[in-house]
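Presented below, as structure tokens, is a lone chain in the form predicted alone.
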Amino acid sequence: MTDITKEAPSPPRSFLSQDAIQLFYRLLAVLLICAVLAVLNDSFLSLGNILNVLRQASLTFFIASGLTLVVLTAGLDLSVGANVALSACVAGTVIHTTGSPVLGILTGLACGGIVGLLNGIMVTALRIPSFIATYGMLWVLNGLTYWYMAGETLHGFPAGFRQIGSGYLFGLPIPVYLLLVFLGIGTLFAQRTIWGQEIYAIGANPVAARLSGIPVTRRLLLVYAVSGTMAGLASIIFLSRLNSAEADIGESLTLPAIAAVLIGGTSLFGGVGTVFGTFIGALILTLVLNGMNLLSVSANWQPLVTGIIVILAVWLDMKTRRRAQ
């Protein structure tokens, strides 16, 4: 008599990864928000408004894309907005002094990168938690910027330089082209390079990453330097767009950047998330803010709505990931 043993049925496997499903839901949210706003306001689907949404989303994305790498390592950079302000003021001064936009751009990028590197040194060498280190850096940068500007405002930059933030090419704002370039570079770096995979590994388990031979300290220095450099790039775009620089230019930029990262699905606990998801997060946030402006919602309510969206996004993400595990 043959002894027949039955294996326990294995759970059904989805042909889509959890990240792909999360991204699908976010794209669905974008379509839903667009449909609702199109019904509520006739101006929403106008070409001018769509281009304005893309331009605003690109400005948030530049700051949030570098921040995404930091959050992937389970860190946080609260100084990005203050970094944008200092870099813009320094770059603006160089352009005014030398008359060279190229030198000003390079100075702004270098300033942002150095600030990011200092954040990385505090996190790795001094072992200060990233939240505290970058929060302290925020105040240091604010103090330096207000002292440096001494209440003055820089304005009146060369017309060619202003094209970076305000110009169009084949009907699209130039910042949108820059967004596509850096979206491609960021996605390829994070998901197709060894360094990118090591960043995910550090965020998932830093001890295991170190034991497996990953140079954790050097990778952390890299991600904070990249985050700072992207803040420097955003400072150039803002400087060109606004045609002015003043000490408080970055005060309202940090929280939207963090919100874009979290809405885009990057986990605060590290190891999960994508740069493309951050782009979708920046788009969702910009659409909501644009919709409130079109519907004449008071500016006093906008931070409250933004905060609720962030809390809901994080809660839903944690709930779905727990269910998947």
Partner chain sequence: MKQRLGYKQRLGYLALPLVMAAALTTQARADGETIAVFTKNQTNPFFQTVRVGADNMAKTLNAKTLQYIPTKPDSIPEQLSQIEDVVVKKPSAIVFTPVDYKAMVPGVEKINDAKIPVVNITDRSAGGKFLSFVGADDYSLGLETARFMLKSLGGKGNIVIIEGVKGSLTNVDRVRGFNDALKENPGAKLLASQPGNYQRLQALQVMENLMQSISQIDGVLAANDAMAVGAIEALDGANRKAQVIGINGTKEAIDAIKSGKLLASGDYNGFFQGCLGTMMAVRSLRNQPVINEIVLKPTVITKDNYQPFDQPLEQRTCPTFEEASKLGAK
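Note that the rigid core is defined as the largest set of C-alphas that superpose within 1.5 Å between two forms. Positions refer to the first chain, counted from 1. None of these values were measured; they are calculated from a predicted model.
In what follows, reference is made to the form predicted in complex with the partner chain, a form of this protein that is not presented.
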* Complete contact of 146, 238 and 251 with the partner chain in the model of the complex (any heavy atom, 4.5 Å) -> yes
* Asked: Looking at 287-295, 31-39, 261-269, 64-72, which lies within 4.5 angstroms of the partner chain in the model of the complex, counting heavy atoms?
  -> 287-295
* the partner chain isn't shown here, but in the model of the complex which of 151, 184, 99, 171 has a heavy atom within 4.5 Å of it? -> 151
* Does the partner chain get within 4.5 angstroms of any non-hydrogen atom of residue 280 in the model of the complex? -> no
* To do: Flag residue 55 as yes or no: does it have a non-hydrogen atom within 4.5 angstroms of any non-hydrogen atom of the partner chain in the model of the complex?
  => yes
* Would you check, heavy atoms only and a 4.5 Å threshold, whether residue 246 touches the partner chain in the model of the complex? => yes
* Do residue 195 and the partner chain share at least one heavy atom pair within 4.5 Å in the model of the complex? -> no
* To do: Could you list which residues of 123-149 come within 4.5 Å of the partner chain in the model of the complex, counting heavy atoms only?
  => 135, 139, 146
* **Displaced residue check between the shown form and the other one: residue 24, CA, 2 Å or over, core reference** => no
* **Per-residue C-alpha change between the shown form and the other one, residue 35, threshold 2 Å, rigid core fit** => no
